[in-house]
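So this first bit is one chain, no partners, the form predicted alone, shown in structure tokens.
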Amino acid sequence: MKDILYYFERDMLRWIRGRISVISALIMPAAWLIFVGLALPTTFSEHYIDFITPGILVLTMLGASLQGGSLLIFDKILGFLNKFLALPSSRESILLGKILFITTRGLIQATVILVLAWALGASLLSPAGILLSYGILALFGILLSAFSTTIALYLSDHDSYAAFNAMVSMPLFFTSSALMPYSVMPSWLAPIAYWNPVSFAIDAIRSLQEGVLAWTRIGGLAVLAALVVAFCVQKFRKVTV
């Protein structure tokens, strides 16, 4: 755990010092929340801001998690990753340290979005509901950050990773339940959205607004996160750069 915390601290200090990256990471989710949540006319919800807030929270975590792979690209280009792999600490501590940082960063950004949503008129969850929402977002962040960091092992530069990020992030978001319920989706889209991991997190948080725990969605997210992390740990143990 000590090695994991060293890698976590390194990335956290680098992020804090680059404040413009914090601001830029919040602009898109905040814009979605303001311009879509308040301006989009809907017939299926009188309080669309309540409906879309879980989707924007998950979008924030999605963006933070997928951008996390660029951290490893940066380390590869500057030669830090070779040095880390040669250290006595276990290789998986590199992965787990980055997962911890990326997930923590996403939760910090999600907190800002949650406060903004409340200021715009969204209903506030109970303290237990807020804690459970953070747990769901953390599970989702672990899943996506492990995946993105491992993909970054096999890409050579920031341009390649940016192209991968764009190819994955928007299709995942737009084929989820973030913007509309399954009942108003086209018949071909509803089953895709239902099995989208992004929808697992959104539906689980949305159920908390009704005081219900969506155990199947939370359990599915936990199983996916465990499988992906286990697979990625094996890849990190064998990697050569």
Partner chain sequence: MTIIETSGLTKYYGDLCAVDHLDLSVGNEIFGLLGPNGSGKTTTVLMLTTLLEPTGGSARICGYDTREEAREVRRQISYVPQEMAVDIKLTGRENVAFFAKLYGIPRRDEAVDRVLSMMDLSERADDLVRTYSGGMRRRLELAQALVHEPKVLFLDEPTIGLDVAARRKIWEHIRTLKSRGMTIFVTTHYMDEADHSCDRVAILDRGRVIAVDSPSALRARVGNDIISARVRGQIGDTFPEGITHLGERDNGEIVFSTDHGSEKVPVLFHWLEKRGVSVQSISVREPTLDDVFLSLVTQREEGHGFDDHKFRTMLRRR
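Residue numbers count along the first chain shown, from 1. It should be emphasised that the depicted structure is a prediction, and the values quoted were computed from it without experimental measurement.
Form predicted in complex with the partner chain: not shown, discussed below.
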Exercise. Only one of A163, V115, L131, L87 has a non-hydrogen atom within 4.5 angstroms of the partner chain in the model of the complex; which is it?
Worked result: L87
Exercise. Of S156, S126, N82, S123, which residue is found within 4.5 angstroms of the partner chain in the model of the complex when only non-hydrogen atoms are counted?
Worked result: N82
Exercise. Just one of 165 to 173, 87 to 95, 142 to 150, 107 to 115 has heavy atoms within 4.5 Å of the partner chain in the model of the complex; which?
Worked result: 87 to 95
Problem set entry | Any non-hydrogen atom of L78 within 4.5 angstroms of the partner chain in the model of the complex | yes
Exercise. Is L13 close enough to the partner chain in the model of the complex to count, meaning some heavy atom within 4.5 Å?
Worked result: yes
For this session: Decide whether G219 counts as a contact residue for the partner chain in the model of the complex under a heavy atom distance cut-off of 4.5 Å.
Result: no
For this session: Note that the partner chain is not shown here; using its position in the model of the complex, name the residues of 1 to 17 with a heavy atom within 4.5 Å of it, in sequence order.
Result: D3, Y6, Y7, E9, R10, L13, R14, R17
